[in-house]
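Only one chain comes next, encoded as structure tokens, the form predicted alone.
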């Protein structure tokens, strides 16, 4: 889901306010608080500045340290980063004692000078640090006045975000930029809730007068404690949990219609155009197979059985509508403000929310969570946006798609191809390279083989280059021209519908993230975060499919969002565990997995350190129905060096999702091969096969089945 809005009311709310948070102007002047501020910076200043944090002494700059082993530069790190050469969260940590006898050594002319653009970028990053933290101390490790200030905050039990300017390569440039912002040329330079307190002497004066304590107790006047941009599963989970914890929360959510004009309500991809409608259509296809099997079990019926696409989609859309409405009710019950508008950052802590009529409203918040998800990718060839559909359109398509070409080999592609074939449609899958990239490739090929048995046709090593409309209609007729990836061969095909499932792009491009300094991968468009889902801007977090290098699964986003809210507002410390996350591909014959693929396990642990146990199996339900006895497959990958701990679990068979869920919990608890052997299976079930695995791949023994 795409959404947006957030705010920085803190700066504007405080610009022009009276000094001292409740003091008169006269009191403010006596305490050293300067009433003039720089509105464009959103930062206040205390006037009289002291050299090197002291009004009486200028501390020398030490000789430069030895060059680092690799280039390191000043950046805006995430929470919990190491303070060495980078900003870190340090609870009042004091630097090492200053070397005796240091005296000032003037910098070389022009040292640290940056270009205009670089200076402006550095200035923006510094302001981002100041905006995003309660206490920021610009310091030098050898400066005794800096040490005194750090010890003061430590004694107060205050978390300080400290940047040691002598430990970053851009330290001189940082200090010069700070001088332009504050007119103070020395360290320490202390900011509390965006107020520039000054150096060492002024910090201690503020402490003695009580002003420092007042500043520490103040919170910027934001509209909300939290704004969540994106109303999908992860965003809603985070928003509701934060509201339960007593915070004022807003959700901004807006669905940009697909090129075919498809849009939907609250709930994100999973509810509207993903997991929920996909599983229901998968079930519709399984019921068709069950009808075929039922004759072997004695069910007799003479009338011709047909499937109604319109009846199915109407029922599914009705259910989705109820889920979306349920999400709105849940937000209302928890006093979460829901705004159906697109959110875009305009400055720190501030977003612009634009509704479908183009009306704009600004909102501010102390913290933000980006949960905008992804949308299907297009090929970029003639006719793709005009004539093709994606999963955004399929589940609410008002007509039966007819003969369908599915382009792609992702799990979305194979799942859609599978249930369309199960509904009796002619289905072709065009594959550029491999099936289910990122999954265990042995399992992926077995999935493909099982789909071929159901009549799905695969065109390997071809990609479309043009889509032409031959006839209008619902669905109409399309001609697809495709080219081989291995040569010059070109083929053509006629289809009623072309479904693109070649991947998804993160919805991050139009959120204004560059305006506040949130790092986004140029290659993927995804957002790198630390282990607490924190982005490069400390008050901005992200969950769900927009995360770089994390599983793109609804339950993962839900868990991450809930735990994030608890850490931010509930005093909890639990983090989302992205390891051993189970998943299932809902192809006609389901594929469930948890942990490593065989390929990845070999890379991580080395093949010689692995035991791979496997077998084919024949579900009892398939015996009377006369279905193939050597299609379903089970495999576990065990680490020999860790007591044969199960590090990879794979199953291809009926109800694979249900089977995998239980074994995933066991893997969290350290499941080993011996524990599986010691477990008594439930007979007759598919899951019991994992309690009787004996044959390893290395043995080369036959695994075909001839009975139950």
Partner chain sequence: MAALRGAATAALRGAAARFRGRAPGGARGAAGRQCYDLLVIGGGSGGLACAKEAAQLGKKVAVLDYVEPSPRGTRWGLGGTCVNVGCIPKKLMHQAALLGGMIRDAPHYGWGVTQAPHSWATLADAVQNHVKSLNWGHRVQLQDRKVKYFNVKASFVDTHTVCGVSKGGEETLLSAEHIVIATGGRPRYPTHIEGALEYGITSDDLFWLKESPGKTLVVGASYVALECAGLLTGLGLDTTVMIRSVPLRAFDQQMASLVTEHMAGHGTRILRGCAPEKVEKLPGQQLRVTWVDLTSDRKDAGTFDTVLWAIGRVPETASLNLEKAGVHTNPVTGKILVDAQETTSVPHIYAIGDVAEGRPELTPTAIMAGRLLAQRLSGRTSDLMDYSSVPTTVFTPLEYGCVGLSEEAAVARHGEEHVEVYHAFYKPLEFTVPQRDASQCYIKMVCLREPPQLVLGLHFLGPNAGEVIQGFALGIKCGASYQQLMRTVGIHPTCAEEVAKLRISKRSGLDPTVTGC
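Because the structure is predicted, anything quoted here is derived from the model rather than measured. Positions refer to the first chain, counted from 1.
What comes next is about the form predicted together with its partner chain, which does not appear here.
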| property | result |
| --- | --- |
| Whether 270, 666 and 694 all lie within 4.5 angstroms of its partner chain in the predicted bound form by heavy atom | yes |
| Sole residue of 538, 570, 528, 288 within 4.5 Å of its partner chain in the predicted bound form, by heavy atom | 288 |
| Residue among 485, 441, 283, 452 with a heavy atom within 4.5 Å of its partner chain in the predicted bound form | 283 |
| Touches its partner chain in the predicted bound form: residue 308 (any heavy atom, 4.5 Å) | yes |
| Its partner chain contact at residue 300 in the predicted bound form, heavy atom, 4.5 Å | yes |
| Any non-hydrogen atom of residue 513 within 4.5 angstroms of its partner chain in the predicted bound form | no |
| Close approach of residue 642 to its partner chain in the predicted bound form, 4.5 Å, heavy atom | no |
| Its partner chain in the predicted bound form: contacting segment from 137-145, 633-641, 475-483, 311-319, heavy atom within 4.5 Å | 311-319 |
| Partner contacts in the predicted bound form for 584-600 (non-hydrogen atom within 4.5 angstroms of its partner chain) | 584, 586 |
